[in-house]
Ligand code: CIR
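Shown below, as structure tokens, is a lone chain in the form predicted alone; questions about how it binds or moves come after it.
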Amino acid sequence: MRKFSHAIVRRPCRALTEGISSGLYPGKPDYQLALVQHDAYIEALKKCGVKVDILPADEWYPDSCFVEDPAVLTGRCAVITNPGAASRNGEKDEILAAVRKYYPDERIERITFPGTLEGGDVMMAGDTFYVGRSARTNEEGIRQFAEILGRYGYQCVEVPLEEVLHLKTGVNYLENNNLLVSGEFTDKPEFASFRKTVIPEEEAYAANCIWVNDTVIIPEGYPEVLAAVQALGYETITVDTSEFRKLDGGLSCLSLRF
């Protein structure tokens, strides 16, 4: 199965060490190690058969390597979001040029104030987009997003969040009706129709895996998640994300796949 042909990534900047962190995973990122890990991440995407567009580091925005948040790219349109974190809001303007390489202006939509939306709160499952209402994505942002999606024949389902930063922190779709879930997502009614693989609490970080053309990329160091995904029949690649984890960042955060 092939779904994605391209990915956009942005190199980590030296200011990465000053990025936003909840402190859940202590310590400041090691910049040089983050670069090595980012290289391995890019190679993993390439092994999955996608062409990777590598954007230069942006020192103005410490968290800018997490390119998933300022845009949502679909098969029919692109949506430039309006990030809810004040220190990251300008990233939406910096990602626009990269998006314009692949989408004409008439198919580039925008979330506008007072709406906020971050791509980490958006999970695509077929023609349905599940959107987490979080500290970064508000009700008005979801309303605008749903209106945009409707014009392109997509559906939108709002999912209230209670514990995690972003929706995809705790739930990720692996295609073929398979869903990885952890924590508060285990019993959410919005996901009742999926075949769920429950991630143990001690490996909850690894719920953030990414499916890329029938291969699943998994954070390194989470053996139960690795075994569970392999048991579902997927090819797997593991990538060390320890330095990005310190900023609450996961595998999906580091690329836009389309």
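Since we're looking at a predicted model, the values are computed, not measured. When you see a residue number, it is the position in the sequence shown, counting from 1.
Absent from the display: the form predicted together with the named molecule. The rest refers to it.
K.L.:
Using a 4.5 Å heavy atom cut-off, which stretch among 227-235, 186-194, 212-220, 58-66 contacts the named molecule in the model of the complex?
P.N.:
Only one stretch passes the 4.5 Å heavy-atom test: 58-66.
K.L.:
Is it the case that Leu24, even though its partner is missing from this view, gets within 4.5 Å of the named molecule in the model of the complex, heavy atoms only?
P.N.:
Leu24: no, not in contact with the named molecule in the model of the complex.
K.L.:
Can any non-hydrogen atom of Ala15 be found within 4.5 angstroms of the named molecule in the model of the complex?
P.N.:
Because no heavy atom of Ala15 falls inside 4.5 Å of the named molecule in the model of the complex, the answer is no.
K.L.:
Would Leu165 count as a contact of the named molecule in the model of the complex, using a 4.5 angstroms cut-off between non-hydrogen atoms?
P.N.:
Residue-level check for Leu165: yes, a contact with the named molecule.
K.L.:
In the model of the complex, does Leu256 have a heavy atom within 4.5 Å of the named molecule?
P.N.:
No, Leu256 sits far enough from the named molecule in the model of the complex that none of its heavy atoms falls within 4.5 Å.
K.L.:
Judged by heavy atom distances of 4.5 Å or less, which residues of 242-258 approach the named molecule in the model of the complex?
P.N.:
The stretch touches the partner through Leu247, Asp248, Gly249, Cys253.
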